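Presented as structure tokens, the chain that follows is alone, the form predicted alone.
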């Protein structure tokens, strides 16, 4: 079962240099940190959705829609109890929910979802070897880049193995739909044993394959894939950094997009 997030669509975003997409994702993370009011966070999230449609990667968001919704809901429910505002909406003993804390919690949930969406766009439009080459060209040491690339490669492999194990047990009569939530979670615990065995076996095979090929991460290496920056890459980076400068000015110079002035 292939659960890779990459979608080979050949759009303008797919053709960008991987360094552009990696730096662009980091800049979008910085965008999200500029505001703690829900309104600008909604605008940033809408921009990410628009980019996903333009790059035909919206299916990745739909696949992980439950995760995005849970991030927003949990943050919106928890943050109001840890920050205080002036306009109280509800209070009980030491607990208080204010208008400001509620809006701040919603903004933090949207910020987390935007972080995930920016990372998903990077993974949906960039091959694993392109990410490795981009990280190395950005100055990251090869052992670190190789470790990150290996981790990205193993995540869909382990997720696919887990899904195959669950489907195999369901086909043998395992009921994962009925009873309460605690009982259903308990039924997943025995499935962790074959999952861990599969993970250990796969990593052992990977280590033996690397050793048999004489892999040494500290030796100088040459690469078949050589990324090159084009005009479109520079244009995209200029736009992203200009927007980042504008957002900083709106936050620091004009005080806009802020519901809690003392917090990021």
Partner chain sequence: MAEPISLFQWLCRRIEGTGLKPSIRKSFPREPMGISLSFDNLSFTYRGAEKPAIERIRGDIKEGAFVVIMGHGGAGKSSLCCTANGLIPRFFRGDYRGRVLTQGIEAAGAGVGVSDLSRIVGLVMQDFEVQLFSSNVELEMAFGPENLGLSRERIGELLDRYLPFVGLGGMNRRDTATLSGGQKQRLAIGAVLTMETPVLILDEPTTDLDPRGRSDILSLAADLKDSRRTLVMADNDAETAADASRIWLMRQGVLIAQGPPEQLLADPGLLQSCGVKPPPTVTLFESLGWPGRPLTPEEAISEIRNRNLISPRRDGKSAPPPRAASRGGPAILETQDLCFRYPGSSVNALDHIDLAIREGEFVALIGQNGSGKTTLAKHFNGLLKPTSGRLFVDGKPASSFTRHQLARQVGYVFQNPDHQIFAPTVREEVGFGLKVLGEPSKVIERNVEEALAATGLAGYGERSPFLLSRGERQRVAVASVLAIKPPVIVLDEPTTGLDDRHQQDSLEMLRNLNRQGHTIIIITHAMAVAEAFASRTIVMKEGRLLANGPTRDVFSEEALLAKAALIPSPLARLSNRLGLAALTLPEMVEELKA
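Positions refer to the first chain, counted from 1. Heads up, when I say rigid core I mean the largest set of C-alphas that superpose within 1.5 Å between the two forms. Keep in mind the model is a prediction, meaning the values are calculated, not measured.
Missing here is the form predicted in complex with the partner chain; even so, the following discussion is about that form.
This chain lacks the partner; the member of 88, 155, 168, 138 within 4.5 angstroms of the partner chain in the model of the complex by a non-hydrogen atom is 168.
In the model of the complex, no heavy atom of residue 60 sits within 4.5 Å of the partner chain. Within this chain, residue 93 is remote from the site of the partner chain in the model of the complex, having no heavy atom within 4.5 Å.
Within 4.5 Å of some heavy atom of the partner chain in the model of the complex lies at least one heavy atom of residue 225. Using a 4.5 angstroms threshold between heavy atoms, residue 201 counts as touching the partner chain in the model of the complex. You can rule out all but one of 108-116, 95-103, 121-129, 70-78: in the model of the complex, only 121-129 has residues with a heavy atom within 4.5 Å of the partner chain. Contacts between 194-209 and the partner chain, taken as any heavy atom within 4.5 Å in the model of the complex, involve 194, 197, 198, 201, 202, 203, 204, 205, 206, 207, 208, 209. After superposing the rigid core, the Cα of residue 231 is displaced by less than 2 Å between the shown form and the other one. Relative to the superposed core, residue 191 undergoes a C-alpha shift of no less than 2 Å between the shown form and the other one. The rigid-core alignment places the CA of residue 215 2 Å or more apart between the shown form and the other one.
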